[in-house]
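Given as structure tokens, the chain that follows is alone and in the form predicted on its own.
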Amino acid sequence: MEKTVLQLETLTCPSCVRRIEGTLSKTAGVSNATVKFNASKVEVEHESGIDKGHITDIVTKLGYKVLSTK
């Protein structure tokens, strides 16, 4: 199991949290996704076979700019 942390641009509404968490949680190989609204960070626990770039792409396609990935 790996953990990826995405730093996003400032989130502006609480519904963004549900949208990101809901989409990532439905992604195959993702066991948990948590959005920290005040920090604009997304923490994703996932299988080691999932590329961090894939997670970044999912969030980007939802309309959120990813500033960095760890």
Partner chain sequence: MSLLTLLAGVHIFKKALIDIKYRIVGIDLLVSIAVIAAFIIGDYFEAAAVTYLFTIGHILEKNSLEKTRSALKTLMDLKPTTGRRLNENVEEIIPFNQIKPGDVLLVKPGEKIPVDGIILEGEVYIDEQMMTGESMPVFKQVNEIVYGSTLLQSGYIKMKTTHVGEETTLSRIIHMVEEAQDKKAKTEKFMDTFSKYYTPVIVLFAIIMSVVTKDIRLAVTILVIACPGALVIATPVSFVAGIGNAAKKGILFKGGDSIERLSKTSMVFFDKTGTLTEGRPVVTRFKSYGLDEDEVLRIAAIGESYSEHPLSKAIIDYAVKHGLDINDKPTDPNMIIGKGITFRYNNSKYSIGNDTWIKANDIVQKDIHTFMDLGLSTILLADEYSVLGIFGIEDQIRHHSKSMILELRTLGIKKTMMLTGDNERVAKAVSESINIDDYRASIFPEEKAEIIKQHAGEHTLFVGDGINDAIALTYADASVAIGGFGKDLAMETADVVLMSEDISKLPEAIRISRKVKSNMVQNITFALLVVLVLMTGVLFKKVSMSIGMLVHELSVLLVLLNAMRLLKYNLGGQHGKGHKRY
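Residue numbers count along the first chain shown, from 1. Quantities reported herein were computed from a predicted structural model and do not represent experimental measurements.
In what follows, reference is made to the form predicted in complex with the partner chain, a form of this protein that is not presented.
Engineer: Contact between residue 19 and the partner chain in the predicted complex at 4.5 Å, heavy atoms?
Structural biologist: Within the cut-off, so yes.
Engineer: Counting only non-hydrogen atoms and a 4.5 angstroms cut-off, does residue 9 reach the partner chain in the predicted complex?
Structural biologist: Yes, contact at 4.5 Å.
Engineer: Answer with yes or no whether residue 56 is in contact with the partner chain in the predicted complex, where contact means some heavy atom within 4.5 Å.
Structural biologist: So residue 56 does not count as contacting the partner chain.
Engineer: Between 36-51 and the partner chain in the predicted complex, list the residues on our side with a heavy atom within 4.5 Å.
Structural biologist: Heavy-atom contacts to the partner chain in the predicted complex: 36, 37, 38, 39, 40, 41.
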